[in-house]
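In the structure tokens that follow, the same protein chain appears in two forms, which are kept apart as structure 1 and structure 2.
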Structure 1
């Protein structure tokens, strides 16, 4: 199979997020970046498909902080090719990012071979303008399913599982090639030892592919960005673990849980 996985760096929300002086963007000084969670799953799903059905996994990113590490990690895990498009992701917006990635994929082959799956993550935590997967599918005129949590390819098509709510899932049949927004892979993402990543850094190469830069960075006009003011706040319990545990026991009794 011909598998494309799109990888996006997002701010790590474990760190504190602050608004920059412009009142619109995030303060970049203390931002740490990590790979978007669903993209870990998109990569895993692609590797699983390759192991079962053969083929080639290409990971694709735009330029972003710490992205080379992520690309080498993907190569160490078993991706065959890592491509970086030299367009800075910052402030790009989803609509523009979709255009750049669509241009790249069109240049790869038009039309894409029938055994192609393009696997973006289902969503990202900064998706103000919508999700990239449906935009990409529209640009490439390919079928799309989002919130996908399982793929079984067959001749010219694939059976995919999509999540609804309450643990309910739906099974859909999709004609290939297709764009599938991945929510979770069939198995948890694999772990790769640091030594293997280091080896990949020595032996493997990140390809740079030129694409025309997008004309319009962001479609939506932001008025302001801010930290929400909470409507309420928990009553905080302080003290040593023992003292806190004593208070919690009282609370459990009060709520008829003991």
Structure 2
């Protein structure tokens, strides 16, 4: 199989996020970046498919802080090729990023081989609607299925499991090549020892592939970023059930618009 995994670096939300002085961006002084969680599952799913069906795994990413470490980690896990596109991720919106990635894939092969799967994560913290994958599929004129949690390829097609709200799942048959937004892999992402990553840094290499920058890097102008502002404090209701009920009724009546 010909497997392309699209990786994205996102701010680590375990750390406290602060707004920069310009009021439009995050303060990068103490900002840490990590691999987007669904993208890590996309890599694991690609490696599982390679181990079962054979093929080649290529990981692709835009330029971003700490991205080289992530690419070398992917190579240490079993990816065959790591590609970095020297376009600053921070300067692109989702639409522009999809265009850049589509241009790279079109340059790889047009049309893409019939055993090709393009595997981005189903969403990112700055793309909660999961728009990148369907935009990419539209640019490549390929079928798309999102929120995928399992893939079973066959001759010229694949059966994919898709998650729905309420714990429901559905199975879809899709013709290849295709773009599949990965929610979770068949197994948890594998651990790779630090020593193996360091060995990959010495023996492997990251390809840099130039792509033309999009004509319109961003289609939305960000005017202001700010932390949620506290509007008030909670009131704890104490007493007997009857007293709590009476007080609750008073609060509802007082704040009612009727």
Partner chain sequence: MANTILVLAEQLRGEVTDITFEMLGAGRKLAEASGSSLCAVLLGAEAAPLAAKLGAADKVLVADDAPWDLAPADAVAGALEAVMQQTQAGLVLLGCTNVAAGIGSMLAVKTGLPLVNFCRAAKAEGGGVVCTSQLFGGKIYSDVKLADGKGVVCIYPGAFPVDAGKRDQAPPIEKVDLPVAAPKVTFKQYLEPETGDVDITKQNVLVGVGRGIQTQDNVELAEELAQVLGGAVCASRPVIDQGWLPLSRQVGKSGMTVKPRVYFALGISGAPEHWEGMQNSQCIIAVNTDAKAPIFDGAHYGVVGDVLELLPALTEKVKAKKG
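Under this definition, the rigid core comprises the largest set of C-alpha atoms superposing within 1.5 Å between the forms. Numbering follows the first chain given and starts at 1. Computed from a prediction, not measured in an experiment: that's the story for all the values here.
- Would you indicate whether the form predicted together with the partner chain is structure 1 or structure 2? Answer is structure 1, the other one does not fit.
- Item | Flag for residue 152, CA shift 2 Å or larger between structures 1 and 2 after aligning core | After core superposition, the C-alpha of residue 152 moves less than 2 Å between structures 1 and 2.
- If we fit on the core, is the Cα of residue 54 displaced 2 Å or more between structures 1 and 2? Not so; residue 54 is displaced by less than 2 Å.
- Task: Could you tell me whether the Cα atom of residue 202 shifts by at least 2 Å between structures 1 and 2 after core superposition?
- Result: No, its C-alpha moves less than 2 Å.
- Rigid core superposed, residue 236 Cα shift between structures 1 and 2 in Å? It moves 11.1 Å at the C-alpha.
- By how many angstrom is the CA atom of residue 130 displaced between structures 1 and 2 after fitting on the core? In the core superposition between structures 1 and 2, the C-alpha of residue 130 moves 5.4 Å.
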